[in-house]
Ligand code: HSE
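In structure tokens, the next block holds one chain alone, the form predicted on its own.
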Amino acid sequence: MSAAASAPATIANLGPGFDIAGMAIEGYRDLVEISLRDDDVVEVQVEGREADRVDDTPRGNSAAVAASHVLRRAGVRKGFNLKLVKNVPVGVGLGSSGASSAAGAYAANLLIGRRLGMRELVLCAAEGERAACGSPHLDNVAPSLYGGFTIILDIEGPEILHVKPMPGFEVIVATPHVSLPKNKTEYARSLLPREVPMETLVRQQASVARLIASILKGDLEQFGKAVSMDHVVEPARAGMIPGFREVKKRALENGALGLSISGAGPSIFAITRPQDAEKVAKAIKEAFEEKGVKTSITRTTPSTTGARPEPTNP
């Protein structure tokens, strides 16, 4: 018997919501198929996009680690065969390991008859993130499991606020082709300040309040504005992305409602109305090109569907 599930790419932070806010997006989904064995061996197979960049060991593969934690919590003491088909781009700030972790946890839970609830799946998927990135972030795995917007209200619980996205907007994802360290997430976190002035903290709190209020109210204008108002993380990481400030300025001048760095980067994302999406995408691409940076552009939308069952191969 086997089970399969997929989970979407995500954009973490959403500007000022560092480590607490995230949004699932359409276009990329990782797929995991899993079956139990009669022994305690775990075998991992990785296929698909950039499969050679993904750890295929039981202790290093985020999907396998997440699945293992699900089975352990449910009291299942067996090994398993797991196949991960990568579709989410690796290492560009779109929650690649989070999508694998979410799909692995969800597929394992399907296999054992859905014994765990969503909160437990978030914790198990976070362990997959720990294996891949060094720490158990929830801001990618939560939206990948739930879909839509998620706000982490309590990390330990975990307590998660899940909100359906407001209608009527597109997301422009731009991935500049830049060279970054292999441990990119750790490097991006090392750039963050250890301390911030009190006045900066107050401004950041106001931005987070605007972000959460706009999501709850379904206010697209305020959401875009909030995305652009990160006073701590974005300024610290902007240097990772050549020409970031000029790119942001040009995008906003051409109709973007908001723009910031996606997760740990180097991808950036812009919030835009559908009628302005083409102009915004063109402005971003041209601004990067003027800095000599090649860029991949994707137009997408929020995903209201998080992790979901998929057909298994016969």
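Since we're looking at a predicted model, the values are computed, not measured. Throughout, we count residues from 1 along the sequence that is shown.
Separately, the form predicted in complex with the ligand exists; it is not shown, and the next lines address it.
**Q** From the list 264, 256, 32, 70, which entry has a heavy atom within 4.5 Å of the ligand in the predicted bound form?
**A** Of the candidates 264, 256, 32, 70, 264 is the one lying within 4.5 Å of the ligand in the predicted bound form.
**Q** I need to confirm a contact call. Of 86, 189, 231, 83, which residue comes within 4.5 Å of the ligand in the predicted bound form, counting heavy atoms only?
**A** Of 86, 189, 231, 83, the residue with a heavy atom within 4.5 Å of the ligand in the predicted bound form is 189.
**Q** Only one of 50-58, 256-264, 243-251, 35-43 has heavy atoms within 4.5 Å of the ligand in the predicted bound form; I'd like to know which.
**A** Careful reading of the contacts points to 256-264.
**Q** Taking the shortest heavy atom distance, is residue 12 within 4.5 Å of the ligand in the predicted bound form?
**A** Because a heavy atom of residue 12 falls inside 4.5 Å of the ligand in the predicted bound form, the answer is yes.
**Q** So, residue 100 and the ligand: in the predicted bound form, are they within 4.5 Å at any heavy atom pair?
**A** Residue 100 lies outside the contact set for the ligand.
**Q** Using a 4.5 Å heavy atom cut-off, state whether residue 210 contacts the ligand in the predicted bound form.
**A** No - in the predicted bound form, heavy atoms of residue 210 and the ligand never come within 4.5 Å of each other.
**Q** With the cut-off set at 4.5 Å between non-hydrogen atoms, does residue 140 touch the ligand in the predicted bound form?
**A** Close contact exists here: in the predicted bound form, residue 140 approaches the ligand to within 4.5 Å, heavy atoms only.
**Q** Quick one: 19, 185 and 237 and the ligand in the predicted bound form, is every residue within 4.5 Å by at least one heavy atom?
**A** Checking in the predicted bound form: 19, 185 and 237 are all within 4.5 Å of the ligand.
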